[in-house]
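Consider the single chain below, provided in C-alpha coordinates and representing the form predicted on its own.
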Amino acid sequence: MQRRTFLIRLAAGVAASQLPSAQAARGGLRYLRPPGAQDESAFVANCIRCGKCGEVCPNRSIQFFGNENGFASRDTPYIIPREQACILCMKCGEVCPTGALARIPREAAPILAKVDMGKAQVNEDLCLSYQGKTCGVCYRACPLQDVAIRVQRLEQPVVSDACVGCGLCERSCIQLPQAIRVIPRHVTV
(Lines give C-alpha, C1' and ligand atoms only; values in the text may rest on other atoms or scores of the structure.)
Protein backbone atom coordinates (compact mmCIF):
# COMPACT_ATOMS: atom_id res chain seq x y z
CA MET A 1 0.00 0.00 0.00
CA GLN A 2 1.33 3.39 -0.88
CA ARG A 3 2.01 5.85 1.88
CA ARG A 4 -0.47 8.36 0.47
CA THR A 5 -3.27 5.76 0.36
CA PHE A 6 -2.43 4.71 3.92
CA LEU A 7 -2.57 8.29 5.20
CA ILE A 8 -5.88 8.98 3.44
CA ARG A 9 -7.43 5.83 4.94
CA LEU A 10 -6.03 6.66 8.36
CA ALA A 11 -7.49 10.18 8.24
CA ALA A 12 -10.85 8.84 7.05
CA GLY A 13 -10.88 6.31 9.90
CA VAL A 14 -10.11 8.96 12.51
CA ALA A 15 -12.82 11.24 11.11
CA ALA A 16 -15.36 8.41 11.04
CA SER A 17 -14.57 7.42 14.64
CA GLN A 18 -15.45 10.92 15.80
CA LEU A 19 -18.93 10.75 14.30
CA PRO A 20 -21.71 9.19 16.35
CA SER A 21 -22.48 5.61 15.46
CA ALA A 22 -25.55 4.82 13.38
CA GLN A 23 -27.35 3.58 16.49
CA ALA A 24 -26.61 6.74 18.49
CA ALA A 25 -27.44 8.98 15.50
CA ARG A 26 -30.86 7.32 15.18
CA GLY A 27 -31.47 7.94 18.86
CA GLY A 28 -31.42 4.19 19.55
CA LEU A 29 -29.12 4.43 22.52
CA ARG A 30 -31.09 6.02 25.34
CA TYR A 31 -28.81 6.62 28.29
CA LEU A 32 -28.52 8.81 31.37
CA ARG A 33 -25.46 10.51 32.76
CA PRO A 34 -24.78 9.80 36.46
CA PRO A 35 -26.36 12.13 39.04
CA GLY A 36 -24.74 15.53 39.35
CA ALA A 37 -23.37 15.49 35.79
CA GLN A 38 -22.69 18.84 34.16
CA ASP A 39 -24.45 19.60 30.87
CA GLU A 40 -23.38 17.19 28.13
CA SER A 41 -20.67 19.27 26.43
CA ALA A 42 -19.09 20.40 29.73
CA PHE A 43 -19.33 16.87 31.12
CA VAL A 44 -17.55 15.32 28.14
CA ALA A 45 -14.91 18.06 28.27
CA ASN A 46 -14.28 17.75 32.03
CA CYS A 47 -14.53 13.98 32.54
CA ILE A 48 -11.00 12.54 32.59
CA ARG A 49 -12.29 8.98 32.07
CA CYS A 50 -10.74 7.70 35.30
CA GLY A 51 -13.52 5.16 35.96
CA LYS A 52 -13.75 5.95 39.68
CA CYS A 53 -17.50 6.60 39.52
CA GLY A 54 -18.13 3.12 38.14
CA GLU A 55 -15.85 1.51 40.70
CA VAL A 56 -17.66 3.12 43.64
CA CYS A 57 -21.21 2.49 42.36
CA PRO A 58 -22.75 -0.08 44.74
CA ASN A 59 -25.58 -0.88 42.32
CA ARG A 60 -23.21 -1.40 39.37
CA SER A 61 -25.40 0.86 37.27
CA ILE A 62 -22.59 2.95 35.76
CA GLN A 63 -21.17 1.65 32.49
CA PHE A 64 -18.62 3.23 30.15
CA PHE A 65 -18.93 4.03 26.46
CA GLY A 66 -16.80 2.43 23.80
CA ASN A 67 -17.19 4.00 20.35
CA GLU A 68 -20.97 3.47 20.15
CA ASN A 69 -21.72 7.07 21.13
CA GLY A 70 -18.91 8.68 19.15
CA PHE A 71 -15.24 9.14 19.89
CA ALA A 72 -15.76 12.20 22.12
CA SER A 73 -17.82 10.11 24.58
CA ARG A 74 -15.39 7.19 24.68
CA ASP A 75 -14.81 5.92 28.25
CA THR A 76 -17.33 8.35 29.78
CA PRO A 77 -19.88 6.97 32.26
CA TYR A 78 -23.53 6.36 31.49
CA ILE A 79 -26.53 4.53 32.90
CA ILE A 80 -29.17 2.46 31.07
CA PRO A 81 -32.09 2.59 33.52
CA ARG A 82 -33.87 -0.51 32.21
CA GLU A 83 -30.71 -2.56 32.77
CA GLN A 84 -29.66 -1.17 36.16
CA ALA A 85 -31.03 2.10 37.52
CA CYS A 86 -29.34 4.62 39.80
CA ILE A 87 -30.16 4.28 43.50
CA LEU A 88 -29.14 7.90 44.23
CA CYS A 89 -26.40 6.91 46.68
CA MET A 90 -24.42 9.95 45.43
CA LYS A 91 -21.07 8.17 45.85
CA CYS A 92 -20.04 8.86 42.23
CA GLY A 93 -19.86 12.61 42.85
CA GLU A 94 -17.80 12.05 45.99
CA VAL A 95 -15.00 10.36 44.03
CA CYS A 96 -15.06 12.48 40.86
CA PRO A 97 -11.71 14.31 40.82
CA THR A 98 -12.71 17.00 38.29
CA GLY A 99 -16.22 18.04 39.29
CA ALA A 100 -17.71 16.62 36.08
CA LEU A 101 -20.02 14.93 38.59
CA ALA A 102 -20.94 17.33 41.39
CA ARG A 103 -20.70 16.33 45.03
CA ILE A 104 -24.26 16.22 46.31
CA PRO A 105 -25.21 15.14 49.84
CA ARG A 106 -27.47 12.09 50.07
CA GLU A 107 -30.39 14.07 51.41
CA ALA A 108 -33.73 14.73 49.72
CA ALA A 109 -33.45 18.52 49.44
CA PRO A 110 -30.01 18.65 47.75
CA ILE A 111 -30.90 15.72 45.47
CA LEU A 112 -34.12 17.42 44.38
CA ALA A 113 -32.30 20.72 43.82
CA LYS A 114 -29.20 19.44 42.02
CA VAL A 115 -29.89 16.09 40.33
CA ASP A 116 -31.37 16.21 36.84
CA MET A 117 -30.68 13.01 34.94
CA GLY A 118 -33.97 13.19 33.09
CA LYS A 119 -37.68 12.83 33.73
CA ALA A 120 -39.94 9.80 33.71
CA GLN A 121 -42.90 9.71 31.35
CA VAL A 122 -45.85 7.34 31.60
CA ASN A 123 -47.35 5.77 28.49
CA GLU A 124 -50.97 5.41 29.59
CA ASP A 125 -51.70 3.04 26.70
CA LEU A 126 -49.19 0.54 28.14
CA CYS A 127 -49.61 1.17 31.88
CA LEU A 128 -51.64 -1.55 33.60
CA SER A 129 -53.08 0.91 36.12
CA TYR A 130 -54.51 3.02 33.32
CA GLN A 131 -56.01 -0.15 31.81
CA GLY A 132 -58.06 -0.87 34.94
CA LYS A 133 -55.59 -3.30 36.56
CA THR A 134 -53.99 -1.85 39.67
CA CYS A 135 -50.18 -2.08 39.69
CA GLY A 136 -48.17 0.68 41.41
CA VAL A 137 -44.78 -1.01 41.04
CA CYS A 138 -43.16 2.16 39.69
CA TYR A 139 -44.50 4.20 42.60
CA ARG A 140 -43.15 1.76 45.17
CA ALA A 141 -39.73 1.74 43.47
CA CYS A 142 -39.35 5.52 43.56
CA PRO A 143 -37.03 6.84 46.29
CA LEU A 144 -38.95 10.15 46.16
CA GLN A 145 -42.52 8.88 46.56
CA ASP A 146 -45.22 11.54 46.68
CA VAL A 147 -42.66 14.12 45.54
CA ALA A 148 -41.41 12.85 42.16
CA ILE A 149 -44.30 10.47 41.55
CA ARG A 150 -47.70 10.07 43.12
CA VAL A 151 -50.60 7.75 42.38
CA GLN A 152 -54.27 8.29 41.64
CA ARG A 153 -57.07 5.74 41.76
CA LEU A 154 -56.02 2.19 40.82
CA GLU A 155 -52.43 3.32 41.50
CA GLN A 156 -52.24 5.29 38.25
CA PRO A 157 -48.80 6.97 38.31
CA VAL A 158 -48.42 10.71 37.79
CA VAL A 159 -44.87 12.02 37.44
CA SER A 160 -44.15 15.53 38.72
CA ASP A 161 -41.50 18.03 37.65
CA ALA A 162 -39.56 17.01 40.77
CA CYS A 163 -38.56 13.71 39.10
CA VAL A 164 -34.75 13.53 38.99
CA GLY A 165 -34.64 10.69 36.44
CA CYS A 166 -32.95 7.95 38.47
CA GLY A 167 -34.75 5.28 36.44
CA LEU A 168 -35.84 3.04 39.31
CA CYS A 169 -39.44 3.29 38.10
CA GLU A 170 -38.43 2.21 34.59
CA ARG A 171 -36.28 -0.63 35.91
CA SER A 172 -39.12 -1.96 38.03
CA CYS A 173 -41.92 -1.69 35.43
CA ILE A 174 -43.33 -5.14 34.73
CA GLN A 175 -44.63 -4.24 31.27
CA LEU A 176 -42.71 -5.07 28.09
CA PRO A 177 -42.14 -2.63 26.57
CA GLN A 178 -42.08 -0.63 29.77
CA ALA A 179 -44.95 1.75 30.43
CA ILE A 180 -42.73 4.29 32.16
CA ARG A 181 -39.46 5.49 30.69
CA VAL A 182 -36.96 8.14 31.66
CA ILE A 183 -36.32 10.71 28.97
CA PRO A 184 -32.70 11.81 29.47
CA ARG A 185 -31.99 15.45 30.19
CA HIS A 186 -29.64 15.66 27.19
CA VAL A 187 -32.41 14.58 24.79
CA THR A 188 -34.98 17.05 23.50
CA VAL A 189 -38.44 15.71 22.70
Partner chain sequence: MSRSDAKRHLLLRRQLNKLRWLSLSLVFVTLVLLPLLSIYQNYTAAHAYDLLEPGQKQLYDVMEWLTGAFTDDPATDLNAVKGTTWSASLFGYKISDPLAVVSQIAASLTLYWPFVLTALVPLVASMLLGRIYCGWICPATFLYELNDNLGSWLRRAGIQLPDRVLWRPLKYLVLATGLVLAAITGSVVTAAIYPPAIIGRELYYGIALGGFGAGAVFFLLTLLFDHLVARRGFCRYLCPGGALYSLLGRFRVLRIQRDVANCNDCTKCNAACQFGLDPMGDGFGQECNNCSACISACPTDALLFKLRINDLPAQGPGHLGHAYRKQRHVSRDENQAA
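Source: prediction; values computed, not measured. Numbering follows the first chain given and starts at 1.
From this point on, the text means the form predicted in complex with the partner chain, which you will not see here.
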{"item": "Contact residue in the predicted bound form, from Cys57, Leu126, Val159, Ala141 (heavy atom within 4.5 Å of the partner chain)", "value": "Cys57"}
{"item": "Contact assignment for the partner chain in the predicted bound form, among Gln145, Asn46, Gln121, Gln152, heavy atom within 4.5 Å", "value": "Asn46"}
{"item": "4.5 Å heavy atom contact, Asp75 to the partner chain in the predicted bound form", "value": "yes"}
{"item": "Contact flag, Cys50 vs the partner chain in the predicted bound form, heavy atom cut 4.5 Å", "value": "yes"}
{"item": "Heavy atom of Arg82 within 4.5 Å of the partner chain in the predicted bound form", "value": "no"}
{"item": "Contact flag, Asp116 vs the partner chain in the predicted bound form, heavy atom cut 4.5 Å", "value": "no"}
{"item": "Residues of 86 to 106 having any heavy atom within 4.5 Å of the partner chain in the predicted bound form, listed in sequence order", "value": "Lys91, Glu94, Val95, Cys96, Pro97, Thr98, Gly99, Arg103"}
